[in-house]
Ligand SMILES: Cc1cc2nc3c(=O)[nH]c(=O)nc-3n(C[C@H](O)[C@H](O)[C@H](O)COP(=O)(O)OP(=O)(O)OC[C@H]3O[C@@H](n4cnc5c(N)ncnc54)[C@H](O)[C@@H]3O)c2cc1C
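Listed next as structure tokens is one chain, alone, in the form predicted alone.
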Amino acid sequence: MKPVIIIGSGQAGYTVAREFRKLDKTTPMFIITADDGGFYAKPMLSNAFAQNKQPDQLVNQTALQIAVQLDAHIMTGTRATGIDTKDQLVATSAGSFAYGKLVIAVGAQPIRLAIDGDAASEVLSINHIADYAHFRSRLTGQSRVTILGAGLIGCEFADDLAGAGHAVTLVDPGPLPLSSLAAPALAQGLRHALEDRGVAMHLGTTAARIDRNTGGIRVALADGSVLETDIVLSAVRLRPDLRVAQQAGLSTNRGILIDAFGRTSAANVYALGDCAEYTLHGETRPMPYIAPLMAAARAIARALAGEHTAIELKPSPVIVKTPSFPLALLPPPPHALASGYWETSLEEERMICRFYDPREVMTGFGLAPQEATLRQELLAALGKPRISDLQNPQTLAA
């Protein structure tokens, strides 16, 4: 019997493996991973400093423990180098292996910014636990951290590092932190909270040069400002890892294109997680969040067991781990932003932002501080017409 092979041992790969083993106890399963195969929750990397978590404290299970639990062969330190979809073979640094069904869960890679300067190559990024370990070692004895990118990850790291006593500066070309995800009122609230935390903001600009300087690093910004820092951390964006998929001739766009069942353009090959491009609201786009990953894992596991099941992509808010201003965000569909509007209200000491499309239907929301019961109420209101009479009529301009 040909095995199920999973490329990748992150949350996507291991979740498919666990879900598949619930349905099929006997089919051989190989998991190919370039690292040591230990399981950890990747979102924990951006809020572990204030808790003083060492890298090994973030690992929940070793590869050996998971291999025994799932009756799987986990090939650690092994890199997948190619896929022959005709003969159904995976080429790796340890040889070639035949598969019956294949799952690609290789995640995403940090985008390397094109910045001038003799210290540009020293810019760090944190995408794996090994990156986190390296960053912690570099941070020893250093206090000043400049973060490029005030998106989700950049803001979480800024809040976490500031809470751990570091002097943090955020640099972003947008007008506000989280400007691509949050309503302007919430983004402004986050900005004030981070500044109160001690985070310095340089918005509406980018890093132009990064050079070594006596005792540290000098970052020259496009607006003429100059920052003196010890470490530069890039939290700009991640790009789906398409190397193996493109070598195999799979259909790709920004991510590996998958259908409603998680299938790629090749027979018996599936993809999910940060490397995949899902279809939602008639648009295809990467969805780098836990909820779509879990939904895809459950559906693909059923397909591996012989029962094709559509991925059920339910709306799910993103919980932003910024303790100084805890947020829950469910952004509206990108195509709606140009024609809809945000309505902001204060209700029971919470700021709630609702997004309405031209039909006056709510298609997105955000709230701070976030709270589970209210999140569920807002989720239930999605797709419904706006309520003209708010319970608390203290409505603010968007």
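Worth saying up front: this structure is predicted, and the values here are computed from it rather than measured. Numbering starts at 1 and follows the sequence shown.
The form predicted in complex with the ligand exists for this protein as well; it is not shown, and the discussion that follows is about that form.
Would S265 show up as a contact with the ligand in the predicted bound form if we use heavy atoms at 4.5 Å?
S265: no, not in contact with the ligand in the predicted bound form.
Contact flag, R136 vs the ligand in the predicted bound form, heavy atom cut 4.5 Å:
Output for R136 is no: heavy atoms all beyond 4.5 Å of the ligand.
Quick one: does G273 come within 4.5 Å of the ligand in the predicted bound form, counting heavy atoms only?
G273: yes, in contact with the ligand in the predicted bound form.
Taking heavy atoms only, is D160 within 4.5 angstroms of the ligand in the predicted bound form?
No, D160 stays farther than 4.5 Å from the ligand in the predicted bound form.
The ligand in the predicted bound form reached by all of S46, R79 and G107, non-hydrogen atom within 4.5 Å
The answer is yes: all three residues contact the partner (heavy atom, 4.5 Å cut-off).
Which of 160 to 168, 141 to 149, 286 to 294, 220 to 228 sits within 4.5 Å of the ligand in the predicted bound form, heavy atom basis
Stretch 286 to 294 is the one.
Within 4.5 Å, heavy atoms only, which of N213, N127, T309, Q188 is in contact with the ligand in the predicted bound form?
Looking at N213, N127, T309, Q188 one by one, just N127 meets the 4.5 Å heavy-atom criterion.
Do any residues of 52 to 66 have a non-hydrogen atom within 4.5 angstroms of the ligand in the predicted bound form? If so, which ones, in sequence order?
Going through 52 to 66 in order - heavy atoms within 4.5 Å of the ligand in the predicted bound form - there are no hits.
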